[in-house]
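Below, in structure tokens: the form predicted on its own, a single chain.
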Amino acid sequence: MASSLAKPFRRGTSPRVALLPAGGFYALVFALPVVALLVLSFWTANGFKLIPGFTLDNYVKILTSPLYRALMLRTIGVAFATTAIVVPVAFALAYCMRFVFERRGQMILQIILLSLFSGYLVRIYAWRTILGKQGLLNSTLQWLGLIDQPLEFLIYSNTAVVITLSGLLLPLAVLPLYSAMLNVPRDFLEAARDLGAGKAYCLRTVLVPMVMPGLRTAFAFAFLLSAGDFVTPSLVGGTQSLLIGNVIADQFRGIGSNWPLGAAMAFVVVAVMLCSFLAVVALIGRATRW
């Protein structure tokens, strides 16, 4: 009976009508807030009062301020450093799960998924405990006699932010890469090697192009999420390692907040990060064709 009711519904319903619920939900929870934020970015603020209008002063202030430029460059640097660690490690781990420890790949995947069940703040505080002056890493190095004093750069620095973000984002980068590698037959790699291709050449010309969608997704996760994070710099970065996300968050809370300026900052960050992401993806695609 259920199948007989489902058939007329599928035949008589156009794809556009079927997409209406999902499209309406997307417009309500994503598109509408983004449009409202864009409109807000052209307003001004006087104290706690928002003044509607159309002005580019917020964008001019962001683009001409040395402070905001320095924060943006620091954010891009941290994002690229995090991505440079996360993506190669995630690629190597996914490769081992698929081609080296193939029988145990699913078990390793379950362990990676299990790590995501812990809260985001819990994992940040765990890394804070590991990297602290009296943390696990410094204590172990001192116990081994490798250092005499705790390494201060491991906490409340850009290094601490990069290490913590790398640990947080690594599981998210592994998932799309492992999923993409599952679609790569082992025979393709073996055929390339039988034809005389070395491991590095086979990896660059066969495997990487075939997993490029997963590689782009992993890069997007690592780069965009690290660039937009403001919790991690607040907890492990200290006052000298704040990113542009921290400034944006401050514009929407506390004394001296400026919602239009914060909205304009958000769109500038989106534009800069999107251009950087597309440029790097284009370079990766060109490198695989050399």
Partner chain sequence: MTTPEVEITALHKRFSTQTALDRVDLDIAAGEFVSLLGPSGCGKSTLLRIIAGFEQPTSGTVRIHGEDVTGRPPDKRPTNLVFQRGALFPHMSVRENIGYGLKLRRWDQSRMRARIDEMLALVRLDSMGERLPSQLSGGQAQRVALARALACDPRVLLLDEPLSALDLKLREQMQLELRAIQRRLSATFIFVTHDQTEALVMSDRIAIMNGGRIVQQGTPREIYRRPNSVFVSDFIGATNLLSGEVVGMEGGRLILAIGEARITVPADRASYGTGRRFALSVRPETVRLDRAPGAAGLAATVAEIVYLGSSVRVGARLGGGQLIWADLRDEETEGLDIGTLVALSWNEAAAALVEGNER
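Numbering follows the first chain given and starts at 1. Here the structure is a predicted model, which is why all the values come from computation and not from measurement.
The next section is about a form of this same protein that is not shown, the form predicted together with its partner chain.
Within 4.5 Å of its partner chain in the model of the complex, a heavy atom is found for all three of 188, 191 and 206. By the criterion of a heavy atom within 4.5 Å, residue 145 is excluded from the residues contacting its partner chain in the model of the complex. Although the partner is absent from this view, residue 77 stays clear of its partner chain in the model of the complex, with no non-hydrogen atom inside 4.5 angstroms.
Contact annotation: residue 198 falls within 4.5 Å of its partner chain in the model of the complex, judged by heavy atom distances. The shortest heavy atom separation between residue 210 and its partner chain in the model of the complex is within 4.5 Å.
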